[in-house]
Each structure stands twice: as C-alpha cells, then as structure tokens.
Ligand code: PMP
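The form predicted alone is given below as one chain in structure tokens.
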C-alpha cells in the first residue's frame, strides 16, 4: 500500500516518523477519517474544514492547500486500487527535541495520509448494537479532534471485551456526552429526534451535521439538548453516527432494551437515506 508522509509518497512499510515527532510524544496532533465510496469522498469539505479548525484550536496551521490534499488522496486511492475504504489524515505540530512547551520552536507540521481498504460495499441495513455507559474521563476539550484518544481506546476495548459495540460517556451529571468514536441520538416517544448540543463536551461530528440537515429537509423535528438515562429508557429508538459507522442502530444501553431489542424503522430509513445521498 502506498502512503504519504512528510512530503513524500512511499510504501507503507517505509513510512516512518521521528521519535521526536510531537504527535508521537505528546499526542500533539489532529486527524480526520474520511470514507471513500466508489469514486466519492464522503463529506469531504466538512472533514477538511474541521481539520483546519482543530489545528487552529491548538495553535498551528498547515501550509498545504485543501486542493493539494485532495490531489494526494486521489493518487493514493488510484495507486492502492480502492473502491471502498477510508482515508486517514493526521497533522502533527512537527519534530523537535523533546520539551513540553513548543514556544519558540522552529516547527514544521508533518502531514500523514494513509488509506485502508474495506472489502465489501456499505450496507443499507445493519443489525443493532449493544452499548454500555461509563464516566467521561477525557480532557475538557473533546470538541477538538486530536490524537489524544487513550480514554476512548480503553472504553471501546472494555466494551468489545464484554460484547458491546460502543461505549457511551456520561458527564458528571450523568447525561450522555457521546460515544468513544461516535455521536449519540435518540428518537423519543413523541418521535422527536434528540442529540446533544455542541456545548464543547462533544465533537462536532461531520456525519452528525449531515444527519441534522437530512432530518430538517424531511421536516423531522430535531432538538439539541442533554440526554439522560431516563430519556433513553423511554425512547422509541436510539442510534450512533460517525464517518465509519454512518447510522448504526442501538438496541440496548446497559440493561435497558430499546424497541424490544429490534432495529427501528426510523434508524433503517435514516441510514438508507444517508447512503443514498452519497451515491
């Protein structure tokens, strides 16, 4: 597989960074994951805009244009013979002798772009997953998409070891923030779609924004507010969204069974609609 790292195309097994890279030592880096489906990068502009915003929030910028990044991605897709897959983009602050502060360091950001093949097409219908809740132990700026993901990794792994498909983080008042790698939604008993607002406690998901726009176009009432465990217990349906999971139904949260453990018609329709919009 061909990759791109620090201004060069090279085979993946030759793609190296320095041990003094700040992304490696401090998690001082930002990233995006973009899905590729049969000739189209899904929600590309949104992902690139958020990449720039994340860099700005942690005080650096990349002097490579979006147009150049797109050209690199297209070459990687072609060279790696991708029909379906994902594109991973990471930008670290750069390489320098280790020091916590980057003040006065002559740093040059390092761009890395990798691709990953997905063997089969994106299915319009998928089974529901079980999720569990856990305290949100992440740093206080999860709205910045950095590579500081250890709490997410530990929560996700704990869930998978115990048969869960995702972990839901709870804030100090026991409201759901988001999943370890997804945004969380419910359809309440009045068929109102609810997801947490962009209050700085969650990542502004690009797929989340697409789903919001899709719902509004179909005149579905949407409320952005905190979701309690009681709200989940009484809801009609629940699901998660992300670039890699699209719309994935949730049929159980901890011991709470949702919609009798069956995937609801709304979740099915929303996933199908989203994928059709990205044909």
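Residue numbers count along the first chain shown, from 1. What you see is a predicted model; the values in this text were computed from it and never measured.
Absent from the display: the form predicted in complex with this ligand. The rest refers to it.
Look at the stretches 61-69, 236-244, 22-30, 219-227 and give the one with heavy atoms within 4.5 Å of this ligand in the model of the complex. Residues of 236-244 come within 4.5 Å of the partner.
Does any heavy atom of residue 180 come within 4.5 Å of a heavy atom of this ligand in the model of the complex? Judged by the heavy-atom cut-off of 4.5 Å, residue 180 is in contact with this ligand in the model of the complex.
4.5 Å heavy atom contact, residue 138 to this ligand in the model of the complex: Yes.
Counting only non-hydrogen atoms and a 4.5 angstroms cut-off, does residue 82 reach this ligand in the model of the complex? Residue 82: no, not in contact with this ligand in the model of the complex.
Does the 4.5 Å heavy atom contact test between residue 207 and this ligand in the model of the complex come out positive? Output for residue 207 is yes: heavy atoms within 4.5 Å of this ligand.
Heavy atom within 4.5 Å of this ligand in the model of the complex - residue from 203, 110, 187, 113: Selected option: 203.
Under a 4.5 angstroms heavy atom criterion, identify the one residue in 86, 133, 152, 90 near this ligand in the model of the complex. Of the candidates 86, 133, 152, 90, 152 is the one lying within 4.5 Å of this ligand in the model of the complex.
Under the 4.5 Å heavy atom criterion, name the residues of 46-60 that approach this ligand in the model of the complex, in sequence order. In sequence order, 47, 50 come within 4.5 Å of the partner.
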